[in-house]
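Given next, in structure tokens, is a single chain: the form predicted alone.
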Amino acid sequence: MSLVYRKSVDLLTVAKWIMRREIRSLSSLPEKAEEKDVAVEEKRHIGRRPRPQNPMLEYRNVYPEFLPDPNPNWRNSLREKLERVDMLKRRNQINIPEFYVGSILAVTISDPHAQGKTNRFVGICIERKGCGLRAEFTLRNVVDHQGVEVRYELYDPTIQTIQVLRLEKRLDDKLYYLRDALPQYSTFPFDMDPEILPEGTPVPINPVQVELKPRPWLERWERQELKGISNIEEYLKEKDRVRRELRKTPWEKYDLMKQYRKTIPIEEQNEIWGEVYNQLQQMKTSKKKITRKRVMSAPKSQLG
């Protein structure tokens, strides 16, 4: 009996050892395969910009004017559809580049009263608003120690070219406070050379904080929770701080209905981008081909 018992114990030990080895080998296989897949993906995307899962999500920031007004009093599905058709036709005639609030642009428009029948203005974009054919943006610059602002309609037929001299974003969605800031933050030369970013790089965010001039100001900037101002506390009195605290509304960020009324539902956004996505993509591809042809074309010989 003792010999049989010993043999059964040995067989049981061997079986347990084999089972443990099989379990270890099976558990290590997915990890190795997963590590291999991750390494392959990392090698595949080295030097490339990570693509979003849905490329149409990126269009909401690049083409915000294609989204209609969230106010139901201004909604009309037929008018919005016709406007999108006109906007695509206009984009086939003129290159409207990607830009944001904080980008520096140079806009050339036709002006029958100007020398050469054109007028060119350079400035920083301090505002971009509106939807559809009513979309507009405002440029600001300091010319001869005087602040100058020009508001353009994005799809105005008198606009000949829109050139991005510096593509970047700022810390705030609107830069109205540049009107009360020191002049150097709004001064840009009209012969400024464009700064070209490598293809695929994300849009940089400029973290600069401007300094305001002494009061009086055009608005009460201390009540707007702005991130792009550095010295606003220097000009505030105690009563200004008390009033700012009294007028704070921190609960509004939890108001879901208010956020819903200010945005377009995601289902409607997907429907709109599905309608215009292919045409915008084709225009983007054709413009890239034209740019490459211009860069790669050899200069013609002037002999003869």
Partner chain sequence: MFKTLINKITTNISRGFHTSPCLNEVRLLTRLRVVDNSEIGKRAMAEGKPPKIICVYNKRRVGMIGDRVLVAIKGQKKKGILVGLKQTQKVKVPKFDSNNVVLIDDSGTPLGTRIHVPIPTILRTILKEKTHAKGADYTKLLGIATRFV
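Residue numbers count along the first chain shown, from 1. If you're wondering where the values come from, they're calculated on a predicted model, not measured in any experiment.
Although it is not shown, the form predicted in complex with the partner chain is what the next lines describe.
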inquiry  = So the partner chain isn't shown here. In the predicted bound form, which residue out of E211, D111, E195, D173 has a non-hydrogen atom within 4.5 Å of it?
reply    = D111
Contact residue in the predicted bound form, chosen from V85, V203, V143, I94 - any heavy atom within 4.5 Å of the partner chain = V143
inquiry  = Given a 4.5 Å cut-off on heavy atoms, tell me which of 146-154, 203-211, 77-85, 225-233 is the interface stretch with the partner chain in the predicted bound form.
reply    = 146-154
In the predicted bound form, E98 touching the partner chain (heavy atom, 4.5 Å) = no
ask   = Is R90 a contact residue for the partner chain in the predicted bound form, using a 4.5 Å heavy atom cut-off?
value = no
ask   = Does R60 reach the partner chain in the predicted bound form, with heavy atoms at most 4.5 Å apart?
value = no
inquiry  = So in the predicted bound form, is the partner chain close enough to S103 to count as touching (4.5 Å, heavy atoms)?
reply    = no
inquiry  = Check for me whether the partner chain, as it appears in the predicted bound form, comes within 4.5 angstroms of all of Q115, E136 and R243 - heavy atoms only.
reply    = yes
ask   = Out of 67-92, which residues reach within 4.5 Å of the partner chain in the predicted bound form, heavy atoms considered?
value = none
